[in-house]
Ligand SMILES: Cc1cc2nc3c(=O)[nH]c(=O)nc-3n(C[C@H](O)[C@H](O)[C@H](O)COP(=O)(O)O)c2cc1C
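Just one chain is shown here, as structure tokens, and it is the form predicted on its own.
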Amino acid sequence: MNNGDSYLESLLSNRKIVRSYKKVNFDKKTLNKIASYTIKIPTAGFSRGIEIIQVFNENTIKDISNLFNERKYTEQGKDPWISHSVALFFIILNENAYHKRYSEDDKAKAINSNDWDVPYWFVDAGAAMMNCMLLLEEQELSSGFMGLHNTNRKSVHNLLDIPEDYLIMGMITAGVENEVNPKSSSKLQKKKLIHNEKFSK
């Protein structure tokens, strides 16, 4: 830890999205608890509608990299990413679990889950995602996130036997950062993100 940071502050300071991994051998036994702690999150009404699929099998990881069109990127000169992951974690959500929970008698006075302006299943899934990334950082692994917007969702569902009524929020990759040929990051204009007491520009 640096500058008197707490352990959590240190993890948060070092965490970043990484999309270029080395191909390494890694003792995956150290990752066995990642999934169980990833889903230790508050869920609206204790709906428990957030689940996780962990993938350690190298052949399955290769199949997933193909479904996510990794070859298209490597042919453009970009480094392998998904295929060099030591593990993949899919955050999946069961929206029906929330509707079922909020149809129960003790939630009769609550706002109907169909009327939530911000659906809590996405809030809870985001919390699980952050847990997973911090747990990987704790194992001195880098992590990345990939949505399914450019992927055939049905193919991923079929490969992982995910029921049709579940939604895959996205995939978290875990690996060892490839720093041999670091890509120069574009300098984005800094934006004020923290506001004191009231919103201010």
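On a predicted model such as this, the values are computed, not experimentally measured, just so you know. Residue numbers here begin at 1 and follow the sequence given.
The same protein has a further form, the form predicted in complex with the named molecule, not shown here; the description that follows concerns it.
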- Query: Which residue among Y102, F90, W116, W81 has a heavy atom within 4.5 angstroms of the named molecule in the predicted complex?
  - Reply: W81
- Task: Heavy atoms, 4.5 Å, the named molecule in the predicted complex: which of 54-62, 38-46, 143-151, 159-167 makes the cut? Say which one.
- Result: 143-151
- Distance check, M129 to the named molecule in the predicted complex, heavy atom within 4.5 Å: yes
- Should V24 be classed as touching the named molecule in the predicted complex when contacts are defined as heavy atoms within 4.5 Å? no
- Note on the structure: Residues in 6-44 that come within 4.5 Å of the named molecule in the predicted complex by at least one heavy atom, in order, are R15, K16, I17, R19
